[in-house]
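Next up is one chain by itself, shown in structure tokens, the form predicted alone.
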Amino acid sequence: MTDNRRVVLSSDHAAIPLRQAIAAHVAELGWEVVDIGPVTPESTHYPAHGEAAARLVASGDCRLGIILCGTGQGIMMAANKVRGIRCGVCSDTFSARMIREHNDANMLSLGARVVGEGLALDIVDAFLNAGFEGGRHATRVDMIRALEA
């Protein structure tokens, strides 16, 4: 994984406005945003968007990823199928911080129909500002990685 400050964002049609608000917020925090869409409100398939974002994170092109759909669940499931991805759905700041600190999560998933913009931005802040603690947690993350083998 590189030490870059690039964050990929993607969503399905249900989450375009929230994704765009998050993109602007993340850019204001000094991160380079790679927003891979979509941009039009026509119905689209969240698995394709989750996979596309996950591949940019897994390749090291982007350090972290933030993905969204109506609940955050479906797009997260798709992203987690990509080797090297550890993505969690969060609806609170504590969970967002903990998936980084304890699980070394490299992607965050949000439900646009679950959280409002204000809470979503706080969740994103908690995720971006946390770092992996290592120690006993590293053993557990290694166990997760071993499941991919």
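Quick caveat, the model's predicted, so the values are computed rather than measured. Note that residue numbering follows the sequence shown and begins at 1.
Beyond the structure shown, there is the form predicted in complex with D-ribose (RB5), which is absent from this document and is the topic of what follows.
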* Look at the stretches 86-94, 116-124, 66-74, 29-37 and give the one with heavy atoms within 4.5 Å of D-ribose (RB5) in the predicted bound form. => 66-74
* **Interface membership of Ala130, D-ribose (RB5) in the predicted bound form, 4.5 Å heavy atom rule** => no
* Could you tell me if Ala14 has a non-hydrogen atom within 4.5 Å of D-ribose (RB5) in the predicted bound form? -> yes
